[in-house]
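Only one chain is given next, in structure tokens, and it is the form predicted on its own.
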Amino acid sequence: MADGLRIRLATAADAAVVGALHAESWRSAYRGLLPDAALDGDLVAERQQTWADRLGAGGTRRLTWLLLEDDAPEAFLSLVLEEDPVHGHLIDNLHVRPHLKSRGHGRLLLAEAAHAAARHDPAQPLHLLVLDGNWPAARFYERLGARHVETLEDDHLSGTRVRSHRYRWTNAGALLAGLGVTR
């Protein structure tokens, strides 16, 4: 890993940081895709509460990693093991600070998640949802070997229904191969 970069599991104490990163990413990537009122409202507090609930819930099915650069949190990814009986493990969130995109942070976090999924159940597929119109993210996942499998309606924020696209890898090994990572 590059100098100054490290990845660690997030804890309940990281909910405020993860929530703030999540809100910053949504405001940058989802402007024009989600209602302005949702993005301009108290999104930070809403996302922080969401992550307080998720990270405070305990259990072993959700793993959330923070990527730190020189000890500053710059990106995160959350993985829900065995989330769906058909689509397998869910990459629930991957968010990188907008000014740091295309520097490999997302790839590092995806490799971490793929390794964890492979340790848990290497045969299960991995999937994620991409908000309709977030074509840069869709192209990124396609370059890593993900295949579009369906389009569905999703509730990203309470009362806000949007179209999302499910992308899937056949298993963790396929994602690792797309990343150019050998086990």
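Since the model is a prediction, treat every value here as computed from it, not as a measurement. One rule holds for the numbers: they count along the sequence shown, beginning at 1.
There is also a form predicted together with a small molecule; it is not shown, and the following applies to it.
When the contact criterion is heavy atoms within 4.5 Å, does residue 170 count as touching the small molecule in the predicted bound form?
Looking in the predicted bound form, residue contacts with the small molecule do not include residue 170, since no heavy atom lies within 4.5 Å.
Quiz item: With the partner left out of view, is residue 146 within 4.5 angstroms of the small molecule in the predicted bound form by any non-hydrogen atom?
Solution: No, residue 146 sits far enough from the small molecule in the predicted bound form that none of its heavy atoms falls within 4.5 Å.
Practice task
Examine residue 104 and determine whether its closest non-hydrogen atom to the small molecule in the predicted bound form is within 4.5 angstroms.
Solution key: It does: once the small molecule is placed as it appears in the predicted bound form, residue 104 has a heavy atom within 4.5 Å of it.
Self-check item: Distance check, residue 65 to the small molecule in the predicted bound form, heavy atom within 4.5 Å
Solution: So residue 65 does not count as contacting the small molecule.
Q: Considering the small molecule in the predicted bound form, find the one stretch among 131 to 139, 56 to 64, 114 to 122, 43 to 51 with heavy atoms no farther than 4.5 Å from it.
A: Heavy atoms within 4.5 Å of the small molecule in the predicted bound form occur in 131 to 139.
- request: May I ask whether 7, 10 and 78 all come within 4.5 angstroms of the small molecule in the predicted bound form, judged by heavy atoms?
  value: No, the candidate spot makes no contact with the small molecule.
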